[in-house]
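Before any questions on binding or motion, here is one chain by itself as structure tokens, the form predicted alone.
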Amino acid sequence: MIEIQINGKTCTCEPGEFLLKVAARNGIYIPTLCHHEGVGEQGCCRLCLAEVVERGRSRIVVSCVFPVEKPIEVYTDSERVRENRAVVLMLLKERAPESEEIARLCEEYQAIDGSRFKALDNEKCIMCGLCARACQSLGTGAIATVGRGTGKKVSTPYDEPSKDCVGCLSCARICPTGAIPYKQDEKERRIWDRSFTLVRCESCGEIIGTREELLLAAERGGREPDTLCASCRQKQMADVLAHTYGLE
């Protein structure tokens, strides 16, 4: 085990453990946009900066991809960190001027004025890639980053409705800036220019997913498509166990 100091608090960690994870485990908040436990570290947004002091020398690191290998002092909200974070947020704001989350962070960390740069029109995406990685992790790969420079974006192949999309909303839910729009009513969900029929739990009527989403899950699990939501499945299992063991 390695012992380090974060904002004056003594913390222990395994060799090679990433600093952001150590801080989070010890209740120390470091802001981040591109990090999600479900898809691993990538260090894209650069918001999770921290100041590391070792043998009297200080440096700024990206905490989500910084492995702790030896005893160090860490400061997550020092003046130097806040100054660097303010610059990062200024750039993110110009990339995604319509994002409410970016605007909130800019106000909190007093982001510097970026008016000398040309902001992208009507944009919320910061190109963190979380949505594409989430889609890929599900094995569908319906969306990906395409293009270069300021024209780079996340989209379906050739900007056409993707036959691989199942309308699961994993991309929209993991997006840190609300950049992936979708619409949903009582019967239908629409995302990436495709419409999906919603399936409801046969017991309580709660929406449990799209028809395509449930068929994919059933195919991979080698079973019949779900007809019950998670709560009703648990209740059904509890009833079966109670009946089996005479606990009714």
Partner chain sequence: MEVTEKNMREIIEGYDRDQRYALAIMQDMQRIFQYVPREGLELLAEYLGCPVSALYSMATFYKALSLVPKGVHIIKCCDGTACHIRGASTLIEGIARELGIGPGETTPDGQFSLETVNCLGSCALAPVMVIDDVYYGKVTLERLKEILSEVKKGGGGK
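Superpose the two forms; the largest set of C-alphas matching within 1.5 Å is the rigid core. Residue numbers count along the first chain shown, from 1. In this text, all values refer to a predicted model and were calculated from it rather than measured experimentally.
Not pictured, yet referred to below: the form predicted together with its partner chain.
Not displayed here, its partner chain is approached by residue 148 to within 4.5 Å at the level of heavy atoms in the model of the complex. At the 4.5 Å threshold, heavy atoms of residue 157 reach its partner chain in the model of the complex. Within this chain, residue 140 lines the site of its partner chain in the model of the complex, having a heavy atom no more than 4.5 Å away. Within this chain, residue 144 lines the site of its partner chain in the model of the complex, having a heavy atom no more than 4.5 Å away.
Comment: its partner chain is not present in this chain, but in the model of the complex one of 164, 98, 77, 94 has a heavy atom within 4.5 Å of it, namely 164.
Judged by heavy atoms within 4.5 Å of its partner chain in the model of the complex, the contact stretch among the candidates 69-77, 168-176, 149-157, 104-112 is 149-157.
Once the cores line up, the CA of residue 150 ends up 2 angstroms or more apart between this form and the one not shown.
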